[in-house]
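The chain below stands alone and is given in structure tokens; this is the form predicted on its own.
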């Protein structure tokens, strides 16, 4: 009984602490900080409302089957509205990525990768993918998704600090190794691939072209980066909360019915069961918003990235890609080795200094503009941002008051 009493008392204390932590986080990250993480964005109030709706505790199981001799389309009753919500969101995703078939059920970008790779590539299959040392996603490294799914990953090399693809080199690898697929997409992404040319060679050797658009999905949907399916990719997939301003989750789209049937059949009871229908409603809203404002939003993100890169360069940061126009995406990249040479600090140390001053970047040298764009910042504001980064990160000045004054100027969400 004493143990139960202590647990009950501890529970109340923990509830109070949890309430305090959530409130502190909300105030700091949502109101006081300027967030320049490349992997985050803001969702609209309507998206947030759908996430907190009754859908958050409901199930639906879209799986055609026979139960006690009776054919059914769903394992649950009460799904008349959730089914339509899913169909609506999938239609919007198809329109935005110019495909015919879409699923919005993957729970994250990583799960979306599994939903593509597991059913389309048999165990033992080989595929080319960008590796972490070349700016690739860690999930495609040998010990992670390939190990889980029984695949063999071959490195797809990129070159230089801007991680550019060499078409002739990729063609040589495709002809030499004859992999079952090539996975394009990376975590450090500044410029598009020569996708049409890569896809032409890949299809010549019988390889699928799988395009992980996790970072650039919102730019792609806004017509600003590249158009994977129209440029030859067989499947486009990725996470929905980076340049796309939805809730955390994933999606996949294809123009090929045969591939979609394989992927769709592999979802329920294999990779996932409940797909979180409040998330799907929120994603549907974000996708519909993207259909309305996508081109203006995406072009502003890229313009902000280029302006910020130029301003940071002028402030003394070693920004990569100057001769190539710095960036064509939402990301700005810092040369970590040059940072250490000039200032005795690397990207991780810089990020920790900035965090103390309410400026948030990641620890690997990427600076992103998607969330700042949603807050209403424009290219004319980027010199101010670069100056704050310089003062806080390199000059070790206290700029918290200036950051919060800046945030007060940009309270209302734009592009909603």
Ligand SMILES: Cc1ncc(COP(=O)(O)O)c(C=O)c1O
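Residue numbers count along the first chain shown, from 1. Quantities reported herein were computed from a predicted structural model and do not represent experimental measurements.
Same protein, other form: the form predicted in complex with this ligand, not shown, and the subject of what follows.
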Partner-free chain; cross-checking this ligand in the predicted bound form, the single residue of 279, 105, 333, 215 with a heavy atom within 4.5 Å is 215
Answer with one of 222, 246, 179, 109: the residue that has a non-hydrogen atom within 4.5 Å of this ligand in the predicted bound form.
109
Tell me whether 299, 374 and 415, taken together, all sit within 4.5 Å of this ligand in the predicted bound form, counting heavy atoms only.
no
Exactly one stretch in 182-190, 157-165, 75-83, 224-232 has heavy atoms within 4.5 Å of this ligand in the predicted bound form; which is it?
182-190
Is residue 137 close to this ligand in the predicted bound form, meaning a heavy atom pair under 4.5 Å apart or at it?
yes
Does at least one non-hydrogen atom of residue 239 fall within 4.5 angstroms of this ligand in the predicted bound form?
yes
May I ask you to list the residues of 320-345 that have any heavy atom within 4.5 angstroms of this ligand in the predicted bound form, in sequence order?
none
